[in-house]
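Consider the single chain below, provided in structure tokens and representing the form predicted alone.
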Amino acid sequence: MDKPPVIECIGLGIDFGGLTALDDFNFTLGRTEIGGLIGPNGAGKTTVFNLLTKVYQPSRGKMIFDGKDTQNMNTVQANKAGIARTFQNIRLFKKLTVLENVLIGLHNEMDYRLPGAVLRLPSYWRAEKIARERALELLSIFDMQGMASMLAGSLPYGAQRRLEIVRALATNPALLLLDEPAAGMNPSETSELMENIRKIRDTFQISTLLIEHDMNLVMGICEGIAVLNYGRIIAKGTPEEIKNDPQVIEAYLGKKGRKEC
């Protein structure tokens, strides 16, 4: 309780030319909290993720991560600081194996230098052995250790989604950003995903923020939800509060749809 929130956004905003994509975004996510960011298509949700991971630099406002201002960070520094993400469109190294994809995520923890790798010194082999063991351990979270030697591109869609989450976890994050993790999954896979997100939180003691259109997933797993519409937050609260908020209903259904409901 004596630690600051894992992430705090204060008046965050960004403009692209004359278009304001996000404005006055104020948001806090507690440690080990599972939060949701929802809204209609084009509301600015992925823009938020791009700001949090420093793909974009804000036009105004600031972001405090783990008690530190991220103003001068770039994408690599944000990841090393402890912010990891998955993507709306899967971005795996499809011609590499499942194991190799996870090993790439472990690069921050590889404890050897270039000469050791070139000359294949004992330090290199020790680090590689530790990394492989760690990669298999992470894959076991999703029962994917048996797929380690398969090419990532040959996996079913749902398994590729899970692999991307495992690779993000390999960077040892304090904050995990999941961009539509249930996209393309059937109800059974989505239910399993919910349990795995909880398992990840409890096992690694990390915070998770997810963008998702599957309301059953959002309402079933998120402890707090923020709703975006046209680049501005229109509601914050618990799943029950969000579900019954008139502004949220109108944003998703429109005034006519609201009357019909």
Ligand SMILES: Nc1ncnc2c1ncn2[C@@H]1O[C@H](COP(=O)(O)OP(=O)(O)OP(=O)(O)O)[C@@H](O)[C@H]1O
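Small disclaimer: the values here were computed from a predicted structure and weren't measured. Just count from 1 along the sequence shown to find any residue number.
If you look for the form predicted together with the named molecule, you will not find it shown, but the lines that follow are about it.
With the partner removed from view, the residue among T46, T53, T70, T28 that has a non-hydrogen atom within 4.5 Å of the named molecule in the predicted complex turns out to be T46. Residue in contact with the named molecule in the predicted complex (any heavy atom within 4.5 Å), chosen from K199, K236, H213, R60: H213.
Using a 4.5 angstroms limit between non-hydrogen atoms, N41 touches the named molecule in the predicted complex.
Contact annotation for Q88: at least one heavy atom lies within 4.5 Å of the named molecule in the predicted complex.
Residue contact check for L12: none of its heavy atoms lie within 4.5 Å of the named molecule in the predicted complex. Although the partner is absent here, A21 sits close enough that one of its heavy atoms falls within 4.5 Å of the named molecule in the predicted complex. In summary, the region of this chain contacting the named molecule in the predicted complex, judged by heavy atoms within 4.5 Å and restricted to 33-41, 61-69, 202-210, 216-224, corresponds to 33-41.
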